[in-house]
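Below you'll find only one chain, the form predicted alone, shown as structure tokens.
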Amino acid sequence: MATVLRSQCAFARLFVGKTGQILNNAIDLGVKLAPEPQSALLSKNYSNYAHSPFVTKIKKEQYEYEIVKKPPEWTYVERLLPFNTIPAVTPKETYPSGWIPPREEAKNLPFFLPRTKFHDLPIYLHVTYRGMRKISKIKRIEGDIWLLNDEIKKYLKEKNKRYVETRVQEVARFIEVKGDHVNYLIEWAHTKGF
């Protein structure tokens, strides 16, 4: 407490004779100073929103601006905006990314894997339990899901030389395969024409 008073005394010595600048803060002078009328608005920090005063309406707008419907600079902004719909793919012999388009013969099969809106196959890998559990998932299946499950099991058994467990969710239209078999499943889907 003594150090606080000493620091306040040293601070008060700066304002000796300036009674209007020290408001009720002159402990060492022994006199409570009366404030002079102040014309300037002092900023005050409030402890929370509820105790702060209402904001008065600003008389004049701070910034001047004009509204333009389609400025010439907008063409540069439009290039950066994402597409509302993904454009159709232009057919080519090969694509630099290695992407393979779907073929018409896939529509004649009793089951179908439609592409996503980004023209990709709906085959994903879900990793859980800090990387200990890996499940390959085929989503958005249309048609005979049980026949598709049998064909996947047969194909993965030939590739891995062992039995592979699967789980069919008929209502949600997806199949889960135990293990990381995403590359094999994508390869199988391309051979079928999906």
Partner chain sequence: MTSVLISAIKRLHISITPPLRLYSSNVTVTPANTNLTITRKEWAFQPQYTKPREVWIENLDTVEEQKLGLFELHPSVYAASPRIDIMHQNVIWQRKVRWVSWAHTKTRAEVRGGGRKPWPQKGLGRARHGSIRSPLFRGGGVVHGPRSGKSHFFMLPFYTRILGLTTTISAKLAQDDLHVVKDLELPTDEPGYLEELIEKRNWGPSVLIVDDTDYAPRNITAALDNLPHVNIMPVYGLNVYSMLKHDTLVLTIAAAEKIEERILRLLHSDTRQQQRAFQLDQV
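Everything quoted here is computed from the prediction, not taken from an experiment. Positions refer to the first chain, counted from 1.
The same protein also exists as the form predicted together with its partner chain; that form is not shown, yet it is the one meant from here on.
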- Just one stretch in 137 to 145, 121 to 129, 150 to 158, 63 to 71 has heavy atoms within 4.5 Å of its partner chain in the model of the complex, so which one is it? 137 to 145
- Message: Taking its partner chain as it sits in the model of the complex, is I100 in contact with it (heavy atom to heavy atom, 4.5 Å or less)?
- Response: no
- Examine K107 and determine whether its closest non-hydrogen atom to its partner chain in the model of the complex is within 4.5 angstroms. yes
- Task: Report yes if any heavy atom of I86 sits within 4.5 Å of a heavy atom of its partner chain in the model of the complex; otherwise report no.
- Result: yes
- Message: With the partner left out here, check for me: in the model of the complex, does some heavy atom of K92 sit within 4.5 Å of its partner chain?
- Response: no
- Heavy atom within 4.5 Å of its partner chain in the model of the complex - qualifying residues of 141 to 176: E142, G143, V171, A172, R173
